[in-house]
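Just one chain is shown here, as C-alpha cells, and it is the form predicted on its own.
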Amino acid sequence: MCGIVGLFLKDPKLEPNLGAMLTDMLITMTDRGPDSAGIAIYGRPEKGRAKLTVQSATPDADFETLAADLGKAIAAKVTGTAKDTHMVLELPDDRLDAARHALRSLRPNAKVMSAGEGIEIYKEVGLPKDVAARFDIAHMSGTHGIGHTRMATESAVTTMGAHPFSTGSDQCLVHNGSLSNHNSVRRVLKQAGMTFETENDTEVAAAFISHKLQEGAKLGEAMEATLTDLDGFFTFVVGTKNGFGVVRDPIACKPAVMAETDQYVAFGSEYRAMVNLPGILSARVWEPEPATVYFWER
C-alpha cells in the first residue's frame, strides 16, 4: 500500500502555491506509506538551461565544490543550490549529457535524481512531513508535480528505492501496486540500451514508458502500452515536461480519485488528499476507469 498525489495547474496564478499544495496532499497520505517519500516539481524552463538534481549521503563532502568542479570538467558555467542531501545544478542544456558523464568520475557516490529543463526530484527515507520539510517543498513554485509516500513491499527501504523514478529527460513516474513481470521486462529494456539503478519494479515501469517515448510514441500511447506489456496490478501517475497522466490496470484494485476545476487537475489515492485544494467542493470528482488513460498536456 502506497499513497500517490498529483497536481497539474491550469491557472498560472496558483503556480507559487504548487509546493505547498502538494506537500499538504502528500502528508495527508502518510498512513498509506511511512517508509519514504518523494516529490517531483516541474518549474517553467529557462531557455537554453537545464537542471541536474543529484543526491549524496555525504553532502558536506560532495557538494562544497561540485558546481565549480563540474563546470571545469564540461567547460561551461554551472551553478548549484544545495538542499540538505540534494543539490540542483543548473547548466547549459547542450552540456547535460556531458555533465552526467563527468559526474560519475567527479562524485562516484552521488546519484542523479532527475535531469531535464524543468524537473527537480527530491526523495528520502522518512515520513512525508519530514522529507518535505528537509527540502522546503512548501515554498517551491511550479506548473505541475507528483508525489509518493511508500510502504515497501518489493525492495529495501532506501533513498534510491523511493519514488518518483526518473528514467528520461523531464520524465518521472510514481506507482501504487506490484508488477509480476518486471524482471523479464527489465532484461528486454537493458538489451534496448536502458540502464537501471535499482531492482525496484517501479523503475522498470518508468523505463518502459521512457523507452516508448524515445521510440516516438506520444505520452498517451506510451501509457496505453503498459496495459498490454506490464503484468500485475498498478496505478501509475506520470510526469513529463508538458504533461501529467494517469493509468490503472484492468482490474483497478488500487484506489484512485481525480478532481478537475478550471484551475487544476488533481489526483489522490484517496479523496482526503484533495480536501484542502481551492474550489474542491465544486470540482468534478471521479474515479478513473480501469484500463483507461487520462492525460493533460500544455
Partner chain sequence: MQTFDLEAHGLRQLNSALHALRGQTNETAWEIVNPKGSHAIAVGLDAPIDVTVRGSTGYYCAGMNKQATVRVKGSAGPGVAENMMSGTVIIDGDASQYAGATGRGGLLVIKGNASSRCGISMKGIDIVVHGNIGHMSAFMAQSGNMVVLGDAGEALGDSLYEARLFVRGSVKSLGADCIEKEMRPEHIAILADLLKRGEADHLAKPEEFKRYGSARKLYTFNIDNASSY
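Positions refer to the first chain, counted from 1. Everything quoted here is computed from the prediction, not taken from an experiment.
The following text describes the form predicted in complex with the partner chain, which does not appear among the structures shown.
- Interface membership of P290, defined by any non-hydrogen atom within 4.5 Å of the partner chain in the predicted complex, is confirmed.
- In the predicted complex, the partner chain stays beyond 4.5 Å of every heavy atom belonging to A67.
- For R248, a non-hydrogen atom is located within 4.5 Å of the partner chain in the predicted complex, even though that partner is not displayed.
- Residue contact check for R49: none of its heavy atoms lie within 4.5 Å of the partner chain in the predicted complex.
- Stretch 249-257 is the answer when you ask which of 236-244, 34-42, 249-257, 54-62 has residues with heavy atoms within 4.5 Å of the partner chain in the predicted complex.
- Residues of 161-197 are not found to place any heavy atom within 4.5 Å of the partner chain in the predicted complex.
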